[in-house]
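We begin with a single chain expressed as structure tokens, specifically the form predicted alone.
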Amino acid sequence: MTAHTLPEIGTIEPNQHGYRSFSLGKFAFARDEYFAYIQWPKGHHLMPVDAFLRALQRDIAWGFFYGTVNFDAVIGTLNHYGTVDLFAGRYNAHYRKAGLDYVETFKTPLIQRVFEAMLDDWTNATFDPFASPAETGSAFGPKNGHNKEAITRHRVTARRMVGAPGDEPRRADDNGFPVNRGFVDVPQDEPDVKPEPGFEDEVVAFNLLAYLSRSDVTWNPSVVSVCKNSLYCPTTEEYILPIIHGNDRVEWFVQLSDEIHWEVEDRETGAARARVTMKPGDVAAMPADIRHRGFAPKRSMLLVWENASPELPALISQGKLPTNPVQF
């Protein structure tokens, strides 16, 4: 395989750079020392391999998330919660006008398995696709080992709340990670909780900012509290969100520290809709018909509030619910 020619669909043997190629339906994936190459019946595309792996990592870790995960303006996935669309150019007005867009639908376990194998083979020992650029190492060059420990991290998914019985870790320092360099000024003291006798398992608290200050990943929302379908999913952000997230429901953002700049586009076409700068205390709602990408000049904390109701995408697509949480 040269830098500009993909192998035939179905080829899995390592190329001269040491990397395997992968196929999924009529899509083919290959990489060399710098780029990931994607081919489909109507066209082909390339991405810097570090950007591709960061997006691939989050698509897998999030279980294909709510709605659309755009790796860039061309390639991505759409979650149907049981099946997943893999698309090229579907949400790009220019590709669609030229007739180069293409979509295939796969059962979730199949696409998950192929994506996990690709991430494992293409991630070298020197690269952590979950970390910030200052912490991540290099994704480039010929095949050089694996980094299974980094790519198999699991999201925190509390059943009730971090700190509640059965939901671990109970304290910010229980995860064993040091305070991140971006949060050295964050107090680490924990709340002193004194429940009445008999309510020890019902009244709990933890220091969320201290908990987040020890996060060793970026742009990876974890569920720290659950109330029916209401999920609090805070995360730490640095540099650029590796995907462009297309909503299938309203998302609420609460800026806890520092600053994030958001580019907001039309979900279907990519046309610019807004530019939002969020500072501590700011609250924003991302509508259900947009896609967004964040830029964080320094490591920051963001609380993402999700409504996980499985009925929402259908109700919104049928026009039975508005795409905006508030009608002005």
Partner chain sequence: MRQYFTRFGSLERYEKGGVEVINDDPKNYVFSNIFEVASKSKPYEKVAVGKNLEYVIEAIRAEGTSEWRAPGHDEFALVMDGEVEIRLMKLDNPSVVPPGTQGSIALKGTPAGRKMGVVRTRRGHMTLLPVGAAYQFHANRPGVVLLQTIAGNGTIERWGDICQK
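Nothing here was measured: the structure is a model prediction, and the numbers come from that model. Numbering follows the first chain given and starts at 1.
Separately, the form predicted in complex with its partner chain exists; it is not shown, and the next lines address it.
Visitor: Decide if the three candidate residues G82, F140 and N220 all line its partner chain in the model of the complex, where lining means a heavy atom within 4.5 Å.
Guide: No, none of G82, F140 and N220 comes within 4.5 Å of its partner chain in the model of the complex.
Visitor: Pick from 118-126, 143-151, 186-194, 73-81: which stretch has non-hydrogen atoms within 4.5 Å of its partner chain in the model of the complex?
Guide: Within 4.5 Å of the partner lies stretch 186-194.
Visitor: Of A93, A205, I240, V114, which residue is found within 4.5 angstroms of its partner chain in the model of the complex when only non-hydrogen atoms are counted?
Guide: If I apply the 4.5 Å criterion carefully, the residue I get is A205.
Visitor: Counting any non-hydrogen atom inside 4.5 Å, which residue from K26, R273, R293, H44 sits next to its partner chain in the model of the complex?
Guide: Selected option: R273.
Visitor: Is E259 close enough to touch its partner chain in the model of the complex, meaning at least one heavy atom pair within 4.5 Å?
Guide: It does: once its partner chain is placed as it appears in the model of the complex, E259 has a heavy atom within 4.5 Å of it.
Visitor: Would you classify G182 as touching its partner chain in the model of the complex, given a 4.5 Å non-hydrogen atom cut-off?
Guide: G182 belongs to the contact set for its partner chain.
Visitor: With a cut-off of 4.5 Å between heavy atoms, is L86 one of the residues that contacts its partner chain in the model of the complex?
Guide: Outside the cut-off, so no.
Visitor: With the partner left out here, check for me: in the model of the complex, does some heavy atom of Y102 sit within 4.5 Å of its partner chain?
Guide: Although its partner chain is absent here, Y102 would stay clear of it in the model of the complex, with no heavy atoms inside 4.5 Å.
Visitor: Hey, which residues along 308-328 are within 4.5 angstroms of its partner chain in the model of the complex, non-hydrogen atoms only?
Guide: Counting only heavy atoms within 4.5 Å of its partner chain in the model of the complex, the contacting residues of 308-328 are S309, L312, L321, N324, P325, V326, F328.
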